[in-house]
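Only one chain is shown below, in structure tokens, and it's the form predicted on its own.
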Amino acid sequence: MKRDIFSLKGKVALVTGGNQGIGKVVAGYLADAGAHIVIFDLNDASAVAEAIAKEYGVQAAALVVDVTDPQAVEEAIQKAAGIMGTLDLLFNNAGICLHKPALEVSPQEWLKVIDVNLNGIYYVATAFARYLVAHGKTGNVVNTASMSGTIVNIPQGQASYNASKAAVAHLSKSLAVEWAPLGIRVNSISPGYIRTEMTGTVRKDWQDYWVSTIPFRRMGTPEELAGAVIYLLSDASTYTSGHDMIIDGCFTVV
């Protein structure tokens, strides 16, 4: 390409929930596109960061961060910027899922899902944006929502997850409009059923049912989300903000 508009070379990308699954895989692809990587995770992702740095020849670091703690998030943003010299991009991906019928979900369980999936996204996005504004920078955010914010999954009950992810998609649109004058773009991806450590622990009969209802007749892989994230974080999408990209093997189409 004469103009590599998909390149992230020289940028610093923050990835939350990067110790495993979608976050881990996409972090590697962002590094392959040239970005230096900082991982926030509730678990120590130092080994993941070291592997990324070795494979792709970029700088990579990992910080143990609870995204539901706004003060800890603010401090981690500053620490990450200090380690890497700056911050440019955010893949806001940390999340959890609870497969439980609504009538059996305790208030504490409901609050935990909302706290991680919605509040955590908000705390990290706003702390990141405050850093950009304070340093006179523009930047891009991609939040991980879900097709579950558009449709209702069956046979499992997961109202808490569905509600949280619908909120993430609309939060992304709201922030996109608010932050457009600041030069900060905000988009979201909405994956369908993706084969990860998380989905791998789900009942086999549920997994079989999901696959039978997906037109592609298979789950997706984290690798199949990476291109969308790179597009939305790169200069290939400079006129795209407030968009929720559904990546689901046609599941929500039929």
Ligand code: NDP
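Residue indices: 1-based, along the sequence shown. Since the model is a prediction, treat every value here as computed from it, not as a measurement.
As for the form predicted together with the named molecule, it is not shown, yet the points below apply to it.
- Taken together, Asn19, Val116 and Lys165 are fully in contact with the named molecule in the model of the complex: each brings a heavy atom within 4.5 Å.
- Of the candidate stretches 80-88, 140-148, 176-184, 101-109, only 140-148 contains residues with a heavy atom within 4.5 Å of the named molecule in the model of the complex.
- Between the named molecule and the residues Ala61, Ile214, Ala228, Ile194, the one pair within 4.5 Å by heavy atoms in the model of the complex involves Ile194.
- Contact check for Ser172: no non-hydrogen atom falls within 4.5 Å of the named molecule in the model of the complex.
- Although the partner is absent from this view, Phe128 stays clear of the named molecule in the model of the complex, with no non-hydrogen atom inside 4.5 angstroms.
- Residue contact check for Gln207: none of its heavy atoms lie within 4.5 Å of the named molecule in the model of the complex.
- At the 4.5 Å threshold, heavy atoms of Met198 reach the named molecule in the model of the complex.
- Contact annotation for 94-122: residues with any non-hydrogen atom within 4.5 angstroms of the named molecule in the model of the complex are Ala94, Gly95, Ile96, Val116, listed in sequence order.
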